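Structure 1 and structure 2, given next as structure tokens, are two forms of the same protein chain, each shown alone.
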Structure 1
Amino acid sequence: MALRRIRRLLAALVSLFALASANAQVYPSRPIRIVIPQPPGGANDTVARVFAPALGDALGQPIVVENRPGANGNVAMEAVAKAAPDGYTLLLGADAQIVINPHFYPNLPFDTLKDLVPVASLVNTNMVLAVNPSLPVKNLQGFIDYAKHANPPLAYGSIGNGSQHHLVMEMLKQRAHIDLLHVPFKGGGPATTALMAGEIAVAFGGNSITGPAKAGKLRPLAVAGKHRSASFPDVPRLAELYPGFEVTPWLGLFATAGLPAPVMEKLREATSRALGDAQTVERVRRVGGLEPYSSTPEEFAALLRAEYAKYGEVVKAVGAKID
């Protein structure tokens, strides 16, 4: 096996330069890779880059952020699901990938709940329901009444077919018994511009809504989360009108199933240290209005199962299917 010898020789050379000569028994002994299911610029990416230094400090190894966009995040999830379960390859995934994608792609070559294990939840955010200010409605009830009688139906924008923004609005449609026309845009930028220009009347949005809303170019009507938003303390929650209507998009850290328990423990400890770091938390708050979200492993696992089922129903009801 001459090739093996060459490789071993090169590997020795490589480790010399990488200074990765520490004892392999102790986790972590080399840099850890966090795979991001989006290109640079997306929410997962920014959060990963904000968290990476703190997480790296807590683990004593540098964190490398690697973007594997493609197939709506399925490529990244597959890469982590099929990686060695050694804790050196992690996924920073969102609900959009973990609990929504499987319903659209029944033939995925992996199971997001079985082949990936949740390490910890990291952040969540509050979605804002906003309308174009030219719409003659001042509050949520007013909007629902107006939408009921609008003919032709009002148009709403989303960041893509099957996106969370799409599904949550479909949930609201069912709950409020209104009819709206779905207009999928390619990403949040074009959708927000269209909302400001009045091309669409209403949309759910995240942080991209904040700036224009504060400037009066958009009118926020409600937030979808468990709590009111710090950015819009006067804006009510959807659940205040429709009890139980709560959607809180989150981001979390995932590992390959079969991770040894000590490694998992170390990762969880490091994550909670990073989440407790005041500076990191402050940066997370600023970037995209995200809130740090700590939960116990049991809570997070329960949330995953509950949301998996919830989105499964919505997708079925909408009839959206991607084969």
Structure 2
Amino acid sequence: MALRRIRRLLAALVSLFALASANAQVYPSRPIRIVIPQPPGGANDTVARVFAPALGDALGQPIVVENRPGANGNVAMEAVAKAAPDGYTLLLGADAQIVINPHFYPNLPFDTLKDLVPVASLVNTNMVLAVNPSLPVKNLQGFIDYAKHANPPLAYGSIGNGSQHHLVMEMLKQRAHIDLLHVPFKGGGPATTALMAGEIAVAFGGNSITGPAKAGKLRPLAVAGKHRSASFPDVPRLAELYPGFEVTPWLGLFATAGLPAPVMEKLREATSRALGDAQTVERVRRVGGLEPYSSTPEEFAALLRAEYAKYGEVVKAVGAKID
């Protein structure tokens, strides 16, 4: 009797594996949803809508972009982490959401490194440190000197508490021994608007700051990446004044853990084709401050682990907290 039950169980398991394999073979057979942890207009949303046509063509199904903002991206991440692992619900997430949020929210009902699996890196950006042109500084050293004597402290903006923009400025405060007042905003657009209006004196930003800075409405002082920016080739890197001070934000595509290997392979092939599409690349660069970012699955997974550890130390060192 026991042997018969074991045989039935094995037969059932074989049937389930066969069904899963068959489903993977026909994937995708319906529209695919990409969940965005921001309102329309944010960087994640913009990049999703740039890549959606090319991904849809590569996969042969429409890509539906769904905005689910809330709790610094945790609402969207939870929705994908707890979705069926079938490749029909994906997340377009930023590094801050994946590798920084867990250090601010220790009781999340999901694990960003276990319940979400990286499909592919998509883009990265060279963050720009910019000031309102009314500030009497012309370069990074001039800003540091001015900030050291400002009373009350100069106000700086970020796209929200716990964001990379917040942490990088706190890191600069420590390296430069200056005091600044943090003013969080709900996204890059509102922060940039406040900077142009003079409501804050300085901010780090990506594509939201690139356009106004190129138009002369903001003054770029430094970039945070490993290389100088193609948009601002004459603007120095932070590392030129503070060696080793380098930060390069990225956006990537993620799926629910447990995704069948054939489905993952199709998604990675489609993403690779989209990243190699000249029209898509040009659309990415037209956004301003963004560059296509290709990596192998192993490289991207290693980056996630390294940055998770790095930002854990940064959060502790700067004492940053979510209000």
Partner chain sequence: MLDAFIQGLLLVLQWKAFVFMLAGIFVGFWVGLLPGLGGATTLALMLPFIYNMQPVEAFAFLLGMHSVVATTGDITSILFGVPGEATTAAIILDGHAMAKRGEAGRALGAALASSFVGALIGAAALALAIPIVRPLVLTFGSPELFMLAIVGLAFIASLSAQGARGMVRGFLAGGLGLFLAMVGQDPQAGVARYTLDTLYLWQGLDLVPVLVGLFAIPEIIDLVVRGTSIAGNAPAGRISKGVFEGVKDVFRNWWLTVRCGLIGTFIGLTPGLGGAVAQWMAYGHATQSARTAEERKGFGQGDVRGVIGPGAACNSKEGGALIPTIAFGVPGGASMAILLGGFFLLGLVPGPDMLTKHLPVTFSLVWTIVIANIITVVACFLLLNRLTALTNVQGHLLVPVVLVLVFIGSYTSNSSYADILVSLIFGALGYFMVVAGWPRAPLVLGLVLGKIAENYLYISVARYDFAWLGRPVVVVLLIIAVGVILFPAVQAWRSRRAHG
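Just so we're on the same page, residue numbers count up from 1 along structure 1's sequence. Here the rigid core means the biggest group of C-alpha atoms that line up within 1.5 Å when the two forms are laid on top of each other. This is a predicted model, so every value here is computed, not measured.
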Checklist entry - Between the two chains shown, which is the form predicted together with the partner chain? => result 1
Checklist entry - Should the larger rigid part be superposed on its C-alpha atoms, how many degrees would the smaller part be seen to turn between the two structures? => result 15
Checklist outcome for this item: Here the CA of residue 143, compared between the two structures on the core, is shifted in angstrom by 4.5
